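Next up is one chain by itself, shown in structure tokens, the form predicted on its own.
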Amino acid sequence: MSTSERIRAAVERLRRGGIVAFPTETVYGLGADAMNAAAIARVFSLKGRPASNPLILHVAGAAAARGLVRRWPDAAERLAAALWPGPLTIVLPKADRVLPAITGGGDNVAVRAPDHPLALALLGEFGGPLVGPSANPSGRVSPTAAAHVSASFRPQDVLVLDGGPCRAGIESTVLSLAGAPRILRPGLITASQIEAVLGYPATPWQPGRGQESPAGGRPGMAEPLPAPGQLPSHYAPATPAVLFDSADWPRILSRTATTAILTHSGRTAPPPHVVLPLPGAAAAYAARLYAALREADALMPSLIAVERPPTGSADAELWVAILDRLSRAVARTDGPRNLLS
């Protein structure tokens, strides 16, 4: 089947209220018609996603985004012109036509234009916005290949558009312009890039800050989160996982049960442990990370140990985004001191 035929089949599925997984430059998204309440409910159900966790609307460009928000400020126009299509999600007050389920009941909506030819062709052919949360069960490792999606969902439930591996590998930066510019989730677009476009800085992301509800308390199922990607436990493998530093290395080597070790520094370990090397450059590391976590999980080890990434290099801003994903991926566990004892 040709690419155009695959896109037409996907559009037909979407117009019938069905679900289509589509590739972006970051991760695969679970797409549905953003104007179809039943289709959106199906996305939440398939993922097992909390109703308070909002969805990102994927659009072909700024013109489509303007119709989904109450106001489109000059800052949004400049950012879209410079960085769209690309891994930047912009949060603004929602238009009345945006369904409440998309925003988790909140007042703001997240929009972005993905930088992938298949995604843009799908959006163009469909002619409207698509919701597109990561195409995986809620809280688990995001998919960066079509096979990852197929492993999670039945073909009768989700039609998968295979666009090859996602080249970027971690989710978009989320920037709120609902008030003063504020980064809600770090990502591939850095604070420095945003400042270069705007001419002034956005409030930088701070660890833990995005895990609070708008009122300042811990988020509950009924409290809308300010943006996607804010839950404290997210991107997690099924196997317990920890971050480790050099001081933890002897504990890992002394374990008698199999440990899957993800390392960027060339460490080696004897059996029963298995080492999965990761690139030392931040962009390549990000592109490889989720696939490596899935490969580690497939080994069915007793533990996944991920070497803490560096943060003091020229790519420090991207390493911070990577560390955010890893910190949330291991948040279900008690930390290396307990699991490595």
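Please read all numbers here as calculations on a predicted model, not as lab measurements. For every residue, the number given is its place in the sequence shown, counted from 1.
The form predicted in complex with a small molecule is left out here; the points below concern that form.
- Only one of 187-195, 257-265, 119-127, 226-234 lies within 4.5 Å of the small molecule in the predicted complex by heavy atoms, and it is 226-234.
- Contact between P54 and the small molecule in the predicted complex is found at the 4.5 Å heavy atom cutoff.
- Put simply, V242 is far from the small molecule in the predicted complex: not one heavy atom of it is within 4.5 Å.
- Under a 4.5 angstroms non-hydrogen atom cutoff, the small molecule in the predicted complex has P133 among its neighbouring residues.
- Although the partner is absent here, V109 is a contact residue: one of its heavy atoms lies within 4.5 angstroms of the small molecule in the predicted complex.
- Checking R42, H273, R49, R288 against the small molecule in the predicted complex, a heavy atom within 4.5 Å turns up for just one residue: R49.
- The contact residue chosen from A80, V141, V174, V149 relative to the small molecule in the predicted complex is V174, the criterion being a non-hydrogen atom within 4.5 angstroms.
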